[in-house]
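Shown next as structure tokens: one chain only, the form predicted on its own.
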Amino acid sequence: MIKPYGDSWGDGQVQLSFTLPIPAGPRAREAARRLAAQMGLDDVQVVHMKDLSGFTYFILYGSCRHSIDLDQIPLAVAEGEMMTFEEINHFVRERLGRKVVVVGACTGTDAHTVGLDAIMNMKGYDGDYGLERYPMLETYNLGSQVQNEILLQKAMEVGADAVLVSQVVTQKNVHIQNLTELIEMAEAEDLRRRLILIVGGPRIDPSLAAELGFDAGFGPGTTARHVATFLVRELARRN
């Protein structure tokens, strides 16, 4: 059984922040404290309160009374070791015998290209080259605010093997709407079976990606090698 760790083992210490739609003041402070207590925190302290023109932002400390039994959580199944830049290119030459075509974009109204560029741009991220650097990959980075129909049109135009979608904006679950629409369009155009569809973003994980109908989902900390390793192995499996 484990709890959050702060100063000593098992103290359950956590830091929490949230915004309430009320003006700052003593009543707002007490509302925040009581809310945190209802969340399962003891010894709650409101250490910061900031007025935001009728809203109030809080930072609180407290001790979580709940714990987690690790034995009830199954271990993740390993997908195999991630390949290196050289191994990925060699794999494509030997197993596929041609370049792999990849189209990527931030879809809908999403204008945040940091995640997409980290995977696709030549310079890459965290010491990993982006997909543009791979000699055995042919890539098309369409950038931001690309409508789903434009993304699929480009994929058809260049004979893409895979489509990468980056979703950073998640307010009101707009990313769910965009991703669902893309899958529905791909199915309507009879493209779903032909394309490997991959989604990435701060609120994306493999479970959500699978639920929405994607072949893979990648969250924070993903580099180009994670995506490329999955992509080339999946393409070889299908072939």
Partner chain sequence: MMKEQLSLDQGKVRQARELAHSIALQVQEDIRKHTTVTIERTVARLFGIDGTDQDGIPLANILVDQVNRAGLLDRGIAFWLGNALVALGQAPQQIAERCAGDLRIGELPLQDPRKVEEVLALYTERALTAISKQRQRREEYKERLGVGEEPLKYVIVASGNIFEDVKQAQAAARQGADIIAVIRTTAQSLLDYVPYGTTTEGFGGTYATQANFQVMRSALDEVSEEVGRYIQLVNYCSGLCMPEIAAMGALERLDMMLNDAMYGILFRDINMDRTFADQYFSRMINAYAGIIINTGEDNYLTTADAFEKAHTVLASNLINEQMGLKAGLKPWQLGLGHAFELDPKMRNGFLYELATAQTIRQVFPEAPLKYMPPTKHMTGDIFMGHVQNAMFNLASVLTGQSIHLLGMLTEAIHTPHLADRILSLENAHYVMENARDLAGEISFRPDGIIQQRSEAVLDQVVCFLQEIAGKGLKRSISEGYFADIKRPLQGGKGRDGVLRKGLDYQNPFMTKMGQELGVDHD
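Numbering follows the first chain given and starts at 1. Note that the rigid core is defined as the largest set of C-alphas that superpose within 1.5 Å between two forms. Values in this document were obtained by computation on a predicted structure and should not be read as measured data.
Omitted from view is the form predicted together with the partner chain, to which the following refers.
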Single option in Glu132, Asp128, Asp161, Asp110 placed near the partner chain in the predicted bound form, where near means a heavy atom within 4.5 Å: Asp110
The one option of Ala188, Leu52, Val47, Leu70 with any heavy atom within 4.5 Å of the partner chain in the predicted bound form is Leu52
The partner chain is absent from this chain, but in the predicted bound form, do Leu41, Thr180 and Ser207 each have a non-hydrogen atom within 4.5 Å of it? no
Within 4.5 Å, heavy atoms only: does Met122 come near the partner chain in the predicted bound form? no
So, Ile176 and the partner chain: in the predicted bound form, are they within 4.5 Å at any heavy atom pair? no
Does the 4.5 Å heavy atom contact test between Arg33 and the partner chain in the predicted bound form come out positive? no
Heavy atoms within 4.5 Å of the partner chain in the predicted bound form: does Pro202 have any? yes
Spot the stretch among 167 to 175, 210 to 218, 190 to 198, 24 to 32 with residues whose non-hydrogen atoms come within 4.5 Å of the partner chain in the predicted bound form. 167 to 175
Taking the partner chain in the predicted bound form and a 4.5 Å non-hydrogen atom cutoff, the residues of 1 to 19 making contact are Gln15, Thr19
For a quick test of reading the superposition: does Phe58 move by 2 Å or more at the CA between the shown form and the other one, rigid core aligned? yes
Superpose the two forms on their rigid core, then report whether the C-alpha of Met49 is displaced by 2 angstroms or more between the shown form and the other one. yes
Flag for Pro220, CA shift 2 Å or larger between the shown form and the other one after aligning core: no
